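Below you will find one chain, with nothing else, as structure tokens; this is the form predicted alone, and questions on how it binds or moves follow later.
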């Protein structure tokens, strides 16, 4: 008996099913990899006023502690950004040696002096921002628990311009809450970025984990994992 369709068309349902499964796999894989904070947000580096505040100069070369500028980081949920008055503590003309450098330097920090003179805030651009449905990240709780700045921000002191080092995704936060030991350091070392950096090298992971476990037991840390801890 003659057939309307050639024999090879019998394979069409199988081929179409395989193509559909393959296409769906590619879509799911693409969304899984690309539609995530890790892909879109890590590396975010907004342009700051005055050409950019250099943590590399202030925190590394000058050795300034994070808490000189972020004064409430161990007292408040917000890691406040410095006001013009804070900056003028060093950049007031004639007050400190740092203010009497070259004309190029004076021109670069002119926006700070202008803001101070007019009593206006410096328009710093926020680097780390959580979604509106997330509560403010409680910096004081983490700092007083002994979570190193390096764990979330990387070594800021090595960044000429600050960029987002971690995804800040829910999964990333929960991974740390379930296993906080690798992020815990002595409380007096929390802001000592260069002192801590060797401890965060891969070859020192075991020693850091052992030290963190000791801190975890001593401080009786019970990081919450329930939804209400972070979400409204």
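From a predicted model like this one, the values you see are computed outputs, not experimental measurements. Residue numbers count along the first chain shown, from 1.
This next part talks about the form predicted together with a small molecule, which is not shown.
J.: Just give me the single entry in 205, 186, 62, 42 that has a non-hydrogen atom within 4.5 angstroms of the small molecule in the predicted complex.
T.: Flagged contact: 62.
J.: Is there any non-hydrogen atom of residue 138 lying within 4.5 Å of the small molecule in the predicted complex?
T.: Heavy-atom contact with the small molecule at 4.5 Å: present for residue 138.
J.: Is residue 114 close to the small molecule in the predicted complex, meaning a heavy atom pair under 4.5 Å apart or at it?
T.: Contact with the small molecule, no.
J.: According to a 4.5 angstroms non-hydrogen atom cut-off, is residue 78 in contact with the small molecule in the predicted complex?
T.: Judged by the heavy-atom cut-off of 4.5 Å, residue 78 is in contact with the small molecule in the predicted complex.
J.: In the predicted complex, does residue 199 come within 4.5 Å of the small molecule, counting heavy atoms only?
T.: Contact check for residue 199: no, nothing within 4.5 Å of the small molecule in the predicted complex.
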